[in-house]
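Below you'll find only one chain, the form predicted alone, shown as structure tokens.
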Amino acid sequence: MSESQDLPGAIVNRIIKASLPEGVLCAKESRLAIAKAAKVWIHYLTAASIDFSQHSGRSTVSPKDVLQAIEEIDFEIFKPQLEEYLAVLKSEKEKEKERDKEKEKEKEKEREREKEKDKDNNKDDTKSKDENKSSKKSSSSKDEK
């Protein structure tokens, strides 16, 4: 594990601060130790998740693999929170897809309206040209008389 893969200090500090009871402080060395432990845990969970995805014949780690790995490394206590988070995430994605579909439908309707407008304009232009030709013909026939 290289130092370039360290977790962002501001994020780690924010998580630690949110976890501490009021009036409790955390020494700088303790924050660094927690960050290092979190990094090791992430690597461990990732390796276990990769094992599950490879056993399933896939090269992409899925949420199911992570849930299985959580159990495998004896952190089942986190599984309900993770399942809840994944359900919310899936629901938000579905809502976003629906919004995107609605936007696409609106765009299609707008394109159809533009096409109709263009057709009407073309009809008006053609009608106007025909009227101009007919008025020119009638004026030229009056000139001949």
Partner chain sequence: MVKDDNMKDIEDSKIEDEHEDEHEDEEEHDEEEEHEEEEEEEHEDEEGGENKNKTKDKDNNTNDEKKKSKRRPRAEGDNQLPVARIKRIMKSDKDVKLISSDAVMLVTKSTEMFLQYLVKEASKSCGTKKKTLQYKDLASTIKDVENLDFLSEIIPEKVSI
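Remember, predicted model here, so these are calculated numbers, not experimental data. Numbering follows the first chain given and starts at 1.
This protein has a second form, the form predicted in complex with its partner chain, left out of what is shown; the following refers to that one.
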Using a 4.5 Å heavy atom cut-off, state whether residue 19 contacts its partner chain in the predicted complex.
yes
Applying a 4.5 Å heavy atom distance criterion, does residue 94 contact its partner chain in the predicted complex?
no
Quick one: is residue 56 in contact with its partner chain in the predicted complex, heavy atoms, 4.5 Å cut-off?
no
Give a yes or no for residue 29: in the predicted complex, does one of its heavy atoms lie within 4.5 Å of a heavy atom belonging to its partner chain?
yes
Considering 99, 119, 90, 113, which brings a non-hydrogen atom within 4.5 Å of its partner chain in the predicted complex?
90
From first to last in sequence, which residues of 24-46 have any non-hydrogen atom within 4.5 angstroms of its partner chain in the predicted complex?
24, 25, 26, 27, 29, 30, 33, 34, 36, 37, 38, 39, 40, 41, 42, 43, 44, 45, 46
